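Form predicted alone, single chain, as structure tokens, below.
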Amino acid sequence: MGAVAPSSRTLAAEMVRGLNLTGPTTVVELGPGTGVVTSAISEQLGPDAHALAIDIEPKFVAAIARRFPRIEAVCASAADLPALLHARHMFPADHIISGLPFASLPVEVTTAILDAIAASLRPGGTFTTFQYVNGYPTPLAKSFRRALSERMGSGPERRVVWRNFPPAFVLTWRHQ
């Protein structure tokens, strides 16, 4: 976990707001951690939807698998996303949601994950993540947004969630 506190239910709800997960769709969560966002995904998952949660921490993966049997939990790197989706016949993804702490990851790891996200989303698919309000103007946060916008072909839609500690911007890109 790269946060000072787990994400709030309000932030989790905002991360999945506007996603239609009731039909035949594929949604991926990168870095589910303790499962706050996973729970919001699970609540919206329709019978024809497929969900994959990827974390490098085995304890989190085991807990997600136990709590959310409809969501396949895998212990792997998010950088391996295209191969993980292909192996499960889930490629390309419709939506990718991430709670990964990009600001604290090594630059080469972030680069590999951003490449994997762009390679894994269908045209028109979405990628959603968040950045804390206090970290949003930092050079690292700006660099992340610029790098992802270049890969996605557009900039993010931004919404603020005040009912989170700390407050956060939810950022959603649409893959061009």
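Bear in mind the structure is a predicted one, so any value in this text is a computation, not a measurement. Counting begins at 1, following the sequence as shown.
Omitted from view is the form predicted together with a small molecule, to which the following refers.
Undergrad: I need the one stretch from 117 to 125, 140 to 148, 44 to 52, 31 to 39 whose residues put non-hydrogen atoms within 4.5 angstroms of the small molecule in the predicted bound form.
TA: So the stretch in question is 31 to 39.
Undergrad: Answer with yes or no whether residue 108 is in contact with the small molecule in the predicted bound form, where contact means some heavy atom within 4.5 Å.
TA: Taking the distances in the predicted bound form, the answer for residue 108 is no, it never comes within 4.5 Å of the small molecule.
Undergrad: Taking 4.5 angstroms as the cut-off for heavy atoms, does residue 101 touch the small molecule in the predicted bound form?
TA: Yes, residue 101 sits close enough to the small molecule in the predicted bound form that at least one of its heavy atoms falls within 4.5 Å.
Undergrad: Would you please decide whether residue 73 lies within 4.5 angstroms of the small molecule in the predicted bound form, comparing each non-hydrogen atom pair?
TA: No.
Undergrad: Hey, in the predicted bound form, does residue 56 get a heavy atom within 4.5 angstroms of the small molecule?
TA: Yes, residue 56 sits close enough to the small molecule in the predicted bound form that at least one of its heavy atoms falls within 4.5 Å.
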